[in-house]
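Coming up is one lone chain in structure tokens, specifically the form predicted on its own.
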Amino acid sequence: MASGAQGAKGTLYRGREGMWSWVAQRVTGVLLFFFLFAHVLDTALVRVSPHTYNQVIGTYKNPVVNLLEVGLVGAVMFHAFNGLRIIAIDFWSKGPKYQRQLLWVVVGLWAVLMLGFLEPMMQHTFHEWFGW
């Protein structure tokens, strides 16, 4: 095994913040791609058969889909904020030095906005499941 960049454990990656943000960016990007693909398909259905479109949209009005919508908003927000962080790292001369701190700003901003978003978004689900 070669020494140097690989270090004592024999791997370049050690699961630090930068690697996990890279993974999260790719995962959220793939999830958003599949959502957009499904969204284009079900929206295109309105031109083919408005009645079938209404039936499909009707199946989305349940608490499980509401949870998926919350996940979608979370994925969009993280992907957007982390994308801005990546731009800052690439184009700001001090970006690489502060990449870890920038990630924690992204996570903090994401958490605060998600907490504020959860209550209004989950009202229907809370009412359906718990009668609140």
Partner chain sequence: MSTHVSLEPPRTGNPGRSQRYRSRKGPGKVTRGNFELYSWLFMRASGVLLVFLVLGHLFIMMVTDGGVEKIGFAFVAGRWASPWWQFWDLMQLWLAMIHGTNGMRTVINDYADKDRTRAILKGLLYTAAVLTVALGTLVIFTFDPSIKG
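Quantities reported herein were computed from a predicted structural model and do not represent experimental measurements. Residue numbers count along the first chain shown, from 1.
Below, we turn to the form predicted in complex with its partner chain, even though it does not appear here.
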Worksheet item: Is residue 43 close to its partner chain in the model of the complex, meaning a heavy atom pair under 4.5 Å apart or at it?
Response: yes
Worksheet item: Taking heavy atoms and a 4.5 Å cut-off, does residue 77 contact its partner chain in the model of the complex?
Response: yes
Fill in: Exercise: residue 100 in contact with its partner chain in the model of the complex, heavy atom 4.5 Å
no
Item to complete: With heavy atoms only and a cut-off of 4.5 Å, decide whether residue 64 touches its partner chain in the model of the complex.
Response: no
Worksheet item: Are there residues in 20-37 with a heavy atom within 4.5 Å of its partner chain in the model of the complex, and which are they, in order?
Response: 22, 26, 30, 33, 34, 36, 37
